[in-house]
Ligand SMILES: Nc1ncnc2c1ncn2[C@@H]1O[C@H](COP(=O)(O)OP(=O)(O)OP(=O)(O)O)[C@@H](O)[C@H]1O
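First comes one chain, alone, set out as structure tokens in the form predicted alone.
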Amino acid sequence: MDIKLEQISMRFGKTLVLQNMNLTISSGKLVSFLGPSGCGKSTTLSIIAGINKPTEGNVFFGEDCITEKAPEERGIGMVFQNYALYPHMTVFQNIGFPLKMNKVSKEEAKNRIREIAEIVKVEDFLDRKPKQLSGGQQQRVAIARALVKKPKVLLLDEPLSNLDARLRIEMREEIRRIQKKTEVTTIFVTHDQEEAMSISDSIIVMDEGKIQQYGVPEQIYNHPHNIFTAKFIGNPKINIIEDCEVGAEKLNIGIRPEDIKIDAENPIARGTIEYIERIGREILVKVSCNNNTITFFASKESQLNVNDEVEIGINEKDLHCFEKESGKRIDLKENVLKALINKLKVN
């Protein structure tokens, strides 16, 4: 089921939360809304769900305009971060609750509950109450309950935020597996870029009620359309060197930490190590170059210490250029590396 938003705007009082949003989510895809708190991602989800009606614009499921339809008329399944399971019901009863509301026959309901329980791997817990389950198991039950009624669209609102780090990784893999198996069009709302990058067919990056970029994870990471996306995606954050003079133009230049290396043969800058953090297979290093802090990775075998001087190298093709005023990405220009060297050189 394709989802299409046309000219969606949303105001709460005098506050404009969404501004002229247009997008299409293709049938059977898992798409993440990603952005900081207050960017409008959960509001967009609530409009798709029918919880809120947009101030302007329309929502389509396929060719059907559903803007005026109530949530229960839209054919959606929804999973919240708090699971919202009924504590007095068994897992079987929780999963089957939507079918009971829709007056599905007991025999059909029993078959559908067991079928979806096997898909989400909770078939061994059907007689238990939610309090007898782990957080990850409760989340699986919540997903099963959302899917048992065979929705056209599955909506997941920060579904993993209450889980510990290990379970988050496990459950995002499970959500991806379940989505692929069921082929239901899925929207996943998160502020966690790692979750979005690992789970999604495409990502919609949002800020201040606007779409900053919509594309596959690799494209968003490797070719950010603007400096907001470049800064928001990536951990550690991209290095931004501001006010680099390229001809008569001032640009902000971005370099991903993994694209920088210690290079005594072809250095572009020399700096002093301010900070070292050992993170398993690599070392995270922060170097001060002419009042600019550069973050990069070094191999764990590197014999580095705070206050050491090091020379770093960068390939020009790995640079990202942004207009200073608008923040928009621009094509790599001539003499960009030269401008960067001039900015980082020690006076």
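So that there is no doubt, residue numbering starts at 1 and follows the sequence shown. Everything numeric here is computed off the predicted structure, so don't read it as measured data.
Below, we turn to the form predicted together with the ligand, even though it does not appear here.
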{"property": "Heavy atom contact within 4.5 Å of the ligand in the predicted complex, the stretch among 31 to 39, 318 to 326, 60 to 68, 296 to 304", "result": "31 to 39"}
{"property": "Partner proximity in the predicted complex: H191 to the ligand, non-hydrogen atom cutoff 4.5 Å", "result": "yes"}
{"property": "4.5 Å heavy atom contact, E174 and the ligand in the predicted complex", "result": "no"}
{"property": "Heavy atom of E123 within 4.5 Å of the ligand in the predicted complex", "result": "no"}
{"property": "Touches the ligand in the predicted complex: V17 (any heavy atom, 4.5 Å)", "result": "yes"}
{"property": "F92, Q137 and E170 all contacting the ligand in the predicted complex, non-hydrogen atom within 4.5 Å", "result": "no"}
{"property": "Residues within 4.5 Å of the ligand in the predicted complex, restricted to 153 to 182 and counted by heavy atom", "result": "E158"}
